[in-house]
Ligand code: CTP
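This document opens with one chain alone, in structure tokens, the form predicted alone.
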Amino acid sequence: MKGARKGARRARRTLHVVVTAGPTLEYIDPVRYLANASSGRMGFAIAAAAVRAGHRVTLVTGPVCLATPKGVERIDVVSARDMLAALRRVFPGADALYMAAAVSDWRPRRRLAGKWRRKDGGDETATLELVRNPDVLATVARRKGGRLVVGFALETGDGIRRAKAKLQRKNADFVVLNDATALNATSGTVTILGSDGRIDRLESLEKPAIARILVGLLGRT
């Protein structure tokens, strides 16, 4: 029995797992930006769990105040386009992608070179023109082949329906559905939707526990 366990450990293949985390920032001027409330905790927990499972991990993260998990290669980015560029470099040589980052959908059409000084004018309102950011997950997953891709969705309305649509639209194998209570939280309830139609709900778990279950999806593809 002991010999069989050792043999199983030797047979387990080390995978290169890419994880994204945190928000992206879209600057309006040198001091202001568009962002969201993502803390990055879920992505960092997945990266740590994947390392503990024996995998090589590259973590691509937006600006967060979190320490890099031991054994993880970290790439820091700022904007959605920065994140896409980083993934275009690292995902082609990877086996799996966990897209836990909360990527900004929009960015200002024009970034001002100097500080936007509203007080210098007499207007009481201002208009900020936005343009759509590239769809980072859909872009990199388009040619994923047999590699595992796990997307994340944070919804405040008809979550299951929207997550199912995202699963197909993004060419993902799984989508992890959260609601707004997940933001900046250390625990949460998530629903995992698979491309095979399976739906699993994880109730009130700490994020490291959720991360371990998500890393276990590597064995389901």
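Model, not experiment: these values are computed from the prediction. Numbers for residues come from their place in the sequence shown, where the first is 1.
Separately, the form predicted together with ligand CTP exists; it is not shown, and the next lines address it.
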How about F152 - does it come within 4.5 Å of ligand CTP in the predicted bound form, if we only consider non-hydrogen atoms? yes
Since only the chain is shown here, I'm wondering whether R161 would be in contact with ligand CTP in the predicted bound form (any heavy atom pair within 4.5 Å). no
Tell me, yes or no, whether M99 is in contact with ligand CTP in the predicted bound form, where a contact means a heavy atom of each within 4.5 Å. yes
In the predicted bound form, A141 touching ligand CTP (heavy atom, 4.5 Å): no
From the candidate stretches 129-137, 88-96, 109-117, 68-76, select the single one in contact with ligand CTP in the predicted bound form, where contact means a heavy atom within 4.5 Å. 129-137
Out of 101-116, which residues reach within 4.5 Å of ligand CTP in the predicted bound form, heavy atoms considered? A101, V103, S104, D105
